[in-house]
Structures are given as C-alpha cells and as structure tokens.
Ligand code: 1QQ
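Below, in structure tokens: the form predicted alone, a single chain.
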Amino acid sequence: MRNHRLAPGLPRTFAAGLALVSLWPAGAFAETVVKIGAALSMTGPAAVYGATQKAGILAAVEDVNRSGKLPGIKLEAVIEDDASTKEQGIAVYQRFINRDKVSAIIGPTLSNTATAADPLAQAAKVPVVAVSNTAPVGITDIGTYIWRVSLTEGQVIPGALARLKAKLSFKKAALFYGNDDAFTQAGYKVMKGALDAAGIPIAGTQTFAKPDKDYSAQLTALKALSPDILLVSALAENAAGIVAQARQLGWNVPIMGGNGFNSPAFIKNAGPAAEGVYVGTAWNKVSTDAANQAFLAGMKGRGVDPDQFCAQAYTGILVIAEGIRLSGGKGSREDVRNGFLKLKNLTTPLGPFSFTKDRDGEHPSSVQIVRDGKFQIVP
C-alpha cells in the first residue's frame, strides 16, 4: 500500500483559469484528510490501463489540493494493485473499507473485478466511482453506492458504428470477442445488438480467451465469410495480437474495436497493423475545450502523454471533490454520496459531466482512428 500525500501550490500551467476548479482562499481552515482508495490493475492483463489511471489520479489529487476548492480538506490517494483479478480486488476493497477507512473508492480497473469487489463497498455504504468499467449491465446495478464516470459500451459503440457505416458503407460484419471476461462479453452483446438494430447481417462470430496468443484459426474462418468489417471486443493485449495476425493473414478489412483498444499500448504492440483501426472513445483528446487543454498541459508538465483511461481517472477525482463540495465541504462516505446526487454539468477533461438517474456517467463521446501511430478523432 502507498499513501500519496501531496503538497499545495498550483503549477503555472494550471493557473490561468483551469475551469476545473474554483479558487478559494487556501490555509484558512485546519485540514481534514479525506482518503480515497484506488484499486488499479498495476499488474496482470489490464496493467497497461492501471499505469495511466494512477498518473491521472495522482495529478488530480494534487491539482484539487493546490486549488483551494475544498477549504479545510486535503485529499489523499491510497493506491493498491488489484492485479486484474477478482480475488485481489476483493482483498484490496476489504483493506480500503476496514483498515484505511476511505471515504470513497475509485476502480477497480476491470468490470470483471468490479462485479466481485463492488458488492463489499455497497454493503459497507462506501461510494465507488468506476472510471473504466464499461460493461452496460452488472456494475451500477450492484447498488446505490456504485457510480460510474466511464461511458458504457452501450453509450459509445452504437453511435460509433452508425458513424462508420455512413463513412464506409459496409453491408455485413463479423464478430470476434473474449468469452472469459465480463467486459469483453458485454462489448460483444452491445456490438451484436447495434448491428441487429442497424439491420447489418452478421456473417459469423468467433471467440477467444485472455491467455490465447494464436488467433489464426478463428480469423481464417471469419475471413472466409468475406465480411465488410470486423468488430472486436478485447483487452489491449489480445487486441494487438488479433489485429497483427489479421493483417499477417492478408486480411485488410476495416476493424472496429471496443473500449479495450483505447490504450497507446495497443498501438505499440500491434505496430503498423494498428494503422486504420477504428474505436469508439469517451474522450476527445483534441478537444479545444479549456478544461481539456488545461488537463493536457498539466499532464505534459508531469511528463505524461495521457490516454482515455488517464482522463477518466482524473475526472473520477474531480467528481469526488465536487461531491464533497456539494455536501457542504464534508468528506464522510455518506456526504460524498449525497453530493453525487446533486452533481450536474461538472467541467472536466471529458466535457460537461453529469450522472444519469441510474448513476452512470453522461458526457460526449467520439470515434478514433489510428493514424501515424497515434489515435486521431474521426471528423
């Protein structure tokens, strides 16, 4: 376990109207430490996401503390590795709830882990802010203390598919998904539902498991069906292998990925094969919105090139800070949750953020394409 205690003093890059926080006189009150637990996948299959989430959380805690937004309160991040597993996620949650007495929890990184760990927080009445759980069903359904910043696959994929259909005019599709993970299974269901709703025939469907490294048999079978587009629901490591092997087979069909593709690690590991891959995204990196530009400048000043997972984690801290502010500057578990009930149109790097009546996040989404080794927004 690591306790990250961050000192006050706003960096110059953030000083000019960050728009993320309102400046209040600092040092006017005795500080009360409010602990926020963060269960992140620092190891295991989702480690590529956990590293950038950690960077976003630490930056946001630092920025909020330096801003004076919460007079008399100092946020403290307690970060632990959930190891991308249900068992470790449960153990981390138990420590957060019983030992660290956190006021809120961010995480865990994977929906699969969340389905096992979040019920502990619900039972203990500790508010959870999911910043990367995108399975449409089974997360906020756990209970009224479970909230979500990350848009679900159901909020992103149908719109992304519609935009690509207008752009590419594809007539039939193929599906490939991981059958041993809640996130990838949910992504498949959303992709299938979106295709069915759009009246696009599905030529064929294949599955894989997270430990798999060879996808050639499934890809060969799908290629033989001559679909116009391949939709893949996979975590970044599998996604890179799938895309690389598809191109090695000479299959140059357009590929659209789910949220698991939204990591620079996917581009790095897939190499040139990643070029031209499409993916729906909850964060428009090139947005000229002042809050996003301030976030980008701040992360650059810290030597970090942020991705969607970093932006969502940063926003998760802003959401908790706003919950505290809206509860009258009180930082208990119940105060944080009560503040969430009032939260509306919070300025964040993701755009204006609100919670839906079902405690899901609500903000704009976009579509990305990999060009020149980077994610770029599709006009």
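Keep in mind that what you see is a predicted model, and the values were worked out from it rather than measured. The first residue of the sequence shown is number 1, and the count goes up from there.
Note that the form predicted in complex with the ligand isn't included here; everything after this is about it.
Out of 135, 121, 282, 174, which one falls within 4.5 Å of the ligand in the model of the complex, going by heavy atoms?
The residue from 135, 121, 282, 174 that makes the contact is 135.
Just one of 103, 84, 238, 111 has a heavy atom within 4.5 angstroms of the ligand in the model of the complex, so which one?
It is 111 that has a heavy atom within 4.5 Å of the partner.
One stretch from 254 to 262, 220 to 228, 190 to 198, 269 to 277 that, in the model of the complex, holds residues within 4.5 Å of the ligand by heavy atom:
Contact criterion met by 254 to 262 only.
Using the partner position in the model of the complex, report whether residue 49 sits within 4.5 Å of the ligand, counting heavy atoms only.
Although the ligand is absent here, residue 49 would touch it in the model of the complex, with heavy atoms inside 4.5 Å.
Does residue 295 reach the ligand in the model of the complex, with heavy atoms at most 4.5 Å apart?
Close contact is absent here: in the model of the complex, residue 295 is far from the ligand, nothing within 4.5 Å, heavy atoms only.
Test of understanding: in the model of the complex, would residue 183 fall inside 4.5 Å of the ligand by heavy atoms?
Residue-level check for residue 183: yes, a contact with the ligand.
Is residue 93 close enough to the ligand in the model of the complex to count, meaning some heavy atom within 4.5 Å?
Taking the distances in the model of the complex, the answer for residue 93 is no, it never comes within 4.5 Å of the ligand.
Given a 4.5 Å distance limit between heavy atoms, list every residue of 284 to 310 close to the ligand in the model of the complex, or none if there are none.
Only 309 sits within 4.5 Å of the partner.
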